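For reference, the chain that follows is the form predicted alone, supplied as structure tokens.
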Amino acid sequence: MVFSDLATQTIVNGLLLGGIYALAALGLSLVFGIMDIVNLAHGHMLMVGAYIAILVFAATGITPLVGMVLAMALMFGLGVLLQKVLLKHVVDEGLEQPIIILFGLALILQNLGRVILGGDARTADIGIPGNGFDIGIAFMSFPRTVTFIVAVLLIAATWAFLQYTKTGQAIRATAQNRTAAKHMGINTDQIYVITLGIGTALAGAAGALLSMLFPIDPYVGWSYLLKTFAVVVLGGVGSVLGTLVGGLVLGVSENLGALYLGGGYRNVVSLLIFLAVLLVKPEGLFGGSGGGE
């Protein structure tokens, strides 16, 4: 393979990976855009979702694509419980208290993962027959292609939910003006519960998909938190389209960075993008509508 072919293959792989980054970041973006909460446990929620899919696969042989559904349901419940028990009384009290609670939750999830499952990295081979197919300009790995398609479908489903359902419209109204939403009869407390549930479920789904591509250990939460922050900042808070574009840009940038600089620079690329966008265009490429546009 000549060098230009290798670069093209790297870009295609980055685009496929970027779809999962976008899915992971969408949950963080929704929670931040609607609840004004910086969810420092988001990466660790992704880790838990990955472990659920891996354990289901190891115990039953069921593909993580099915385990992902269980992971989403359990993580939705975790998000609901988190909002009702820990965050309900502090969500409107500024940034500090929610951040402290969520930072503590991240540490708890990390240590639970280490104690229960050990510190070794685990992964799940989905075992799709064959290795992939050639599209002329690049080779398409089956696992990467399948996870990309699933991620984009989930992003589209979330966008449709926000656009065309009454609950979704109530979430968007709360994001635009929570006081006005209350006066219009919207139960914003319930909206917060649903929003955090959806955000946590999306993190779980992204984790389940990533478990098919990369090893997962109890400490990966911080790394994926950085990546999702970079995507949200790049695309704009609350923008579904911006999150998708941001995820694709990050995926390609990371892969090209690993190609030209070495695999150890993947997270460095994420951090550089995060800092560069904050300095140049802090509102992100799509301006942060905050309502899932």
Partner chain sequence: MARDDTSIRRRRYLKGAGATGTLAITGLAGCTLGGGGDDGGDSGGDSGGDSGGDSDSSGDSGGDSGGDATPLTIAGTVPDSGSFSSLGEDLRRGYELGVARMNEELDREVELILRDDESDAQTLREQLQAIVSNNDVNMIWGSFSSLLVTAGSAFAENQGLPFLGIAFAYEEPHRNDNYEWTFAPFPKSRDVARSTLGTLELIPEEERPTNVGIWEPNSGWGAEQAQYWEDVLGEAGYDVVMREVFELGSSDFSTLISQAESNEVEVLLSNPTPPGGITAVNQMRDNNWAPQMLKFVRGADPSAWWSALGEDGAYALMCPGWVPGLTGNGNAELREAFFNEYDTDAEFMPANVGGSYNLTQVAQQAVEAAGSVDPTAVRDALRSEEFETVIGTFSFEENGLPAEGELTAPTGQWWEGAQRLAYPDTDSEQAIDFQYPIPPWSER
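Since we're looking at a predicted model, the values are computed, not measured. Residue numbers count along the first chain shown, from 1. We call the rigid core the largest set of C-alpha positions that still match within 1.5 Å between the two forms.
The same protein also has a form predicted together with the partner chain, omitted here; what follows describes it.
Please name which of the stretches 199-207, 182-190, 167-175, 77-85 has residues with heavy atoms lying within 4.5 Å of the partner chain in the model of the complex.
-> Going by heavy atoms within 4.5 Å, the stretch is 167-175.
Are all three residues Leu30, Ala258 and Leu271 in contact with the partner chain in the model of the complex, where contact means a non-hydrogen atom within 4.5 Å?
-> Contact check passed for all of Leu30, Ala258 and Leu271.
With a 4.5 Å heavy atom cut-off, would you call Ile99 a contact of the partner chain in the model of the complex?
-> Yes, Ile99 is a contact residue.
Is there a heavy atom of Leu154 no more than 4.5 Å from a heavy atom of the partner chain in the model of the complex?
-> Judged by the heavy-atom cut-off of 4.5 Å, Leu154 is well away from the partner chain in the model of the complex.
For Leu95, is any heavy atom within 4.5 Å of the partner chain in the model of the complex, or not?
-> Because a heavy atom of Leu95 falls inside 4.5 Å of the partner chain in the model of the complex, the answer is yes.
So, in the model of the complex, is Leu109 in contact with the partner chain at a 4.5 angstroms heavy atom limit?
-> Taking the distances in the model of the complex, the answer for Leu109 is no, it never comes within 4.5 Å of the partner chain.
Is there a C-alpha shift of 2 Å or more at Ala59 between the shown form and the other one once the rigid core is superposed?
-> No; that C-alpha moves by less than 2 Å between the shown form and the other one.
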